[in-house]
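Quick setup: one chain, the form predicted on its own, written in structure tokens, and binding and motion questions come after.
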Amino acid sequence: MVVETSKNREVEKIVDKIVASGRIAALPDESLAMVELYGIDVPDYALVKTVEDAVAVSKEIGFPLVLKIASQDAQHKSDVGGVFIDLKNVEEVEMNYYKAIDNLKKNVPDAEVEGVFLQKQIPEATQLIVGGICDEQFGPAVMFGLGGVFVELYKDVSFRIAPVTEAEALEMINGIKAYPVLSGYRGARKIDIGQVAKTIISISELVTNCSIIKEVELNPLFAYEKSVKAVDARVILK
């Protein structure tokens, strides 16, 4: 089902740009732009292609910053030395801009560099994952669970066929084993369950409305007591 709305048309423009470039994977700024259009909050960010632009953009976004290499050939950027956190000034941005590119070239000599991604570093929070997939057999589906390294370690996730209602999104959140921790068990910090549910609904609508999207993933989604923010997003086209 395709719902004609302005946000869908804006997503389609981004998709057209990806397809025209011969890629199936969106760059970090493209992925975040798509989920932003669906109402998901993200920290300020920019993709730059020169060190001069990196310095200029870093002043606009403000410090501290996270700097990541942007390359289709590096699925796990930290594994190739392509992630630097807590950058406090333009000198550190300039130094690590070159270091990220050099590290990628050392680890993946044939890798194509798409640019360098800069993002405002935000306070640590409970890390969640929200994903969407268009399955060949079942159609659009959505997934929720603990994010970051915990998603691979514990595999504590729940699934539903998309699109989901608010009640179904809340069932997904309640359905994981770690739910008591998310809801303040024994003094643990409660997270904003309502905003997490809205995020699940938004991702389910994105994969339902945009049939060319094969996968979308927010990991990590930082969950605070009164808000959530998607720190990283990944979109793969069919």
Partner chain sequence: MSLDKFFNPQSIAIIGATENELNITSAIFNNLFEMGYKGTIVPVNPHYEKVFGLKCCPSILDYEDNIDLSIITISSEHIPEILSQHIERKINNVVIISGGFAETGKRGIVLEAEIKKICRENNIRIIGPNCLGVLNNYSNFSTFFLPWSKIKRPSRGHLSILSQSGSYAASMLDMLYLEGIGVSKFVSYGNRVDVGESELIEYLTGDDSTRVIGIYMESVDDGRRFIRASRLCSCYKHIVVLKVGRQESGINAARSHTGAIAGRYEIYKAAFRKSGVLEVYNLEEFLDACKVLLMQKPARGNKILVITNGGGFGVAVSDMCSDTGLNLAQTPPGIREYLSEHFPEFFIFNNPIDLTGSAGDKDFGIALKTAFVDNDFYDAAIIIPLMPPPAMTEGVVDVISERAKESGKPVVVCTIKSVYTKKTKEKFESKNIPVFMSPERAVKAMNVLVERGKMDGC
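None of these values were measured; they are calculated from a predicted model. Residue numbers count along the first chain shown, from 1.
One more form of this protein should be noted, the form predicted in complex with its partner chain, which is absent from this view; the next part is about it.
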item: Its partner chain in the predicted complex: contacting segment from 48 to 56, 187 to 195, 61 to 69, 24 to 32, heavy atom within 4.5 Å; value: 24 to 32
item: Residues Glu136, Gly139 and Ile161 all lining its partner chain in the predicted complex, heavy atom within 4.5 Å; value: yes
item: Partner contact for Glu215 in the predicted complex: its partner chain, 4.5 angstroms, heavy atom; value: yes
item: Contact label in the predicted complex: Glu114 to its partner chain, heavy atom within 4.5 Å; value: no
item: Close approach of Asp41 to its partner chain in the predicted complex, 4.5 Å, heavy atom; value: no
item: Exercise: Glu92 in contact with its partner chain in the predicted complex, heavy atom 4.5 Å; value: no
item: Contacts with its partner chain in the predicted complex, stretch 166 to 188 (heavy atom within 4.5 Å); value: Glu168, Glu171
